[in-house]
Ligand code: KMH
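Below, in structure tokens: the form predicted alone, a single chain.
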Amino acid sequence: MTKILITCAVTGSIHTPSMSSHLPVTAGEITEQGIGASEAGAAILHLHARDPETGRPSAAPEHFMAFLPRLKQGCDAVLNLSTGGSAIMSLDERLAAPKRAAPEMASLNMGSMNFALYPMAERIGEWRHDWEKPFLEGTDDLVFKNTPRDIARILTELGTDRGARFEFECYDLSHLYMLRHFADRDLIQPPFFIQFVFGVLGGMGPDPENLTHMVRIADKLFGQDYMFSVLAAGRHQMPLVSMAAAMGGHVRVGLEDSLTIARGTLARSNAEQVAKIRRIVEDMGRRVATADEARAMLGLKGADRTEI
């Protein structure tokens, strides 16, 4: 496939404000960086919200709605809302904003897992907010809950009831088999957009052979009915997503996944990462898909049918 989808994950719920002054926190910052990423070539924006006063991850619909209409007005990118939120949020909290917005696209984690961020706390010398250190350190005893019942509920309330399609986030091989299970139950229909996630402690390690194996099993389970994309945490971001592009897959970058643009150098914006991966994939002969091409490729309902 020549066309390549670039997703940009603008802020996420993993990194904390003390880690980078460039991490967008307020609605204005998320809007500005999202529009910049779109202009740089991202067809899809993967979106979380934060409390603008503290930078803490937030599931509040009002925090999402502070930037979603501005993004819709300022760019034509597909707005892909997280249903993962943060591992410390309840499912009701995680679903509140996506249900309110009825987006074209939402993320969906395909299994429960350990989600360990605590090693990050050792790297920070000064903390801007008192919530950051205990938030990170507490993940040594944290299970990110995504049971089959949870997954079925998300598929029903966002997919069946509101017409969203999904970015299926697979952190492990077992998640592919869970996805196949829901396809067999006719709760989802192709084309399936599968995001392989590497480098989160508790999920798959960022080894090239893990990527080739995931593709091999996905081919076995889904045949021609899927597309894959890759994200990788931290310093593994660019090597793994470049490998995905070379294999015919799609790519995700953004400050949710990595705060750097090169080893030891903080990225100044999400757009900087998008521009870098765009140069890489175009040098490979891939053509960056537009937002409207992404909608056609993924079978999305269109921005005009959302509540944003």
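These numbers come from a predicted model, not from an experiment. Sequential numbering from 1, following the sequence displayed.
The form predicted in complex with the named molecule exists for this protein as well; it is not shown, and the discussion that follows is about that form.
Mapping the unseen interface onto this chain, residue 197 counts among the residues with a heavy atom inside 4.5 Å of the named molecule in the predicted bound form. In the predicted bound form, the named molecule sits beyond 4.5 Å of every heavy atom of residue 104. Though the partner is left out of this view, residue 272 does not reach within 4.5 Å of the named molecule in the predicted bound form, counting heavy atoms only.
Although the partner is absent here, residue 256 sits close enough that one of its heavy atoms falls within 4.5 Å of the named molecule in the predicted bound form.
Annotated contact segment (heavy atom within 4.5 Å of the named molecule in the predicted bound form): 167 to 175, selected among 71 to 79, 167 to 175, 202 to 210, 119 to 127. Between the named molecule and the residues 115, 192, 182, 135, the one pair within 4.5 Å by heavy atoms in the predicted bound form involves 115. Only one of 14, 23, 291, 300 lies close to the named molecule in the predicted bound form, with a heavy atom inside 4.5 Å, and it is 14. The putative spot formed by 48, 109 and 252 is fully lined by the named molecule in the predicted bound form; each residue has a non-hydrogen atom within 4.5 angstroms of it.
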